[in-house]
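Only one chain is shown below, in structure tokens, and it's the form predicted alone.
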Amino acid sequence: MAARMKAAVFVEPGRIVLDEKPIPDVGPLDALIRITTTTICGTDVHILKGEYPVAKGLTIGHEPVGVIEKLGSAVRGYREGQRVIAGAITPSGYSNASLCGCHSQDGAGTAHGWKPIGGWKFGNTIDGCQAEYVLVPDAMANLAPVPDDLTDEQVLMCPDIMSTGFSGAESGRIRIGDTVAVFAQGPIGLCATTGARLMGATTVIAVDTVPARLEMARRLGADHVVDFRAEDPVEAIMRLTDGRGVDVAIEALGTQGTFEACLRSLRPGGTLSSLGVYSSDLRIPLGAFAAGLGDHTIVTTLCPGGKERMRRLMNVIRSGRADLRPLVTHRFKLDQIEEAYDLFAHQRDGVLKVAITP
């Protein structure tokens, strides 16, 4: 009988449970990773609620930190026992999308057209990381060795939220001296706030309503915080910018309200950088969009992955220019995964991110 492992499995909308599954077989280009630390993402909550469809029986999770347990026969440049991370996005490196430089969109073309967000495989199209082991495809394109002087929790944010949040700043093409607004200060928004500062923004305005999140935004580099329940955030931003508007507005929640507020906060010719996962159609208001004549840019980004992206993010952590350890507010064992989901999905007890260790 094949050896088995514990895994968090999607059963149906509203139910992700701890179950047992066979430990995966390793193909020539794969690597089997023994998970040492992982976490729960807001996207996992969309899956739990049935807002993002995945197959029943799929292991959830896409943020792995671990140790190489077994290497595929064709994998070179790594050794068993080595500490590694892999991005939430695992590009093949040889697809059309990868060779065009858009690694996140690694979906194969079909007779019916191109499939978006194909680079996100863990917990989406293949078994994910909330388990004792995970199989990493195309290991040579995706495994990034973890420096010995970095802990699991220091690099835990690299696979997804750090990469995603930073990419919101990068895609927005923030320049030195820019003013940037970041709407929503959940984990991704907080990383976007950090990334905006690293990109050269000299004024960062963080929008949320949870006091602990606004305080964390200040800790991570926000110059101003706006409580959207206490005042209209667009009016507050216009006041803070002397009526000019922001150069870049980053949307990090995925709602009509935050998307529209971002658009209304922009200066003429400004950029709306959208990171949120939307679960319904968006409407672009005529006035805020200047009837299509405002020289605005609207750009969307899926978390960049691959080993080079992970190496660069770990360099940022190692340099001390960003410290995201404070985002880990709760710790659970894998056996407590259902309890962890309940806490995270209902945003109780000031939770930002949870660390899960088998």
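From 1 onward, residues are counted along the sequence shown. Bear in mind the structure is a predicted one, so any value in this text is a computation, not a measurement.
The form predicted in complex with a further copy of the same chain exists for this protein as well; it is not shown, and the discussion that follows is about that form.
**Q** Name the single residue among Ile298, Val26, Val67, Val45 that comes within 4.5 Å of a further copy of the same chain in the predicted bound form, judging by heavy atoms.
**A** The option sitting close enough to the partner is Ile298.
**Q** Which residue, Gly123, Gly172, Gly195, Pro187, has a heavy atom that falls within 4.5 Å of a further copy of the same chain in the predicted bound form?
**A** Looking at Gly123, Gly172, Gly195, Pro187 one by one, just Gly195 meets the 4.5 Å heavy-atom criterion.
**Q** Choose one stretch from 227-235, 125-133, 99-107, 149-157: the one whose residues place a heavy atom within 4.5 angstroms of a further copy of the same chain in the predicted bound form.
**A** The contacting stretch here is 99-107.
**Q** Could you tell me if all three of Pro211, Arg239 and Ala345 have a heavy atom no more than 4.5 Å from a further copy of the same chain in the predicted bound form?
**A** Checked in the predicted bound form: no contact with a further copy of the same chain for any of the three.
**Q** Using 4.5 Å between non-hydrogen atoms, is Pro137 touching a further copy of the same chain in the predicted bound form?
**A** So Pro137 does not count as contacting a further copy of the same chain.
**Q** How about Ser95 - does it come within 4.5 Å of a further copy of the same chain in the predicted bound form, if we only consider non-hydrogen atoms?
**A** Yes - in the predicted bound form, heavy atoms of Ser95 and a further copy of the same chain come within 4.5 Å of each other.
**Q** Just checking whether Phe183 would be counted as a contact of a further copy of the same chain in the predicted bound form - the rule being heavy atoms within 4.5 angstroms.
**A** Output for Phe183 is no: heavy atoms all beyond 4.5 Å of a further copy of the same chain.
**Q** Looking at the partner-bound form in the predicted bound form, is Leu302 within 4.5 Å of a further copy of the same chain by any heavy atom?
**A** Close contact exists here: in the predicted bound form, Leu302 approaches a further copy of the same chain to within 4.5 Å, heavy atoms only.
**Q** So which residues in 217-242, when you check a further copy of the same chain in the predicted bound form, have a heavy atom no farther than 4.5 Å from it?
**A** Residues within 4.5 Å: Gly221, Asp223, Asp242.
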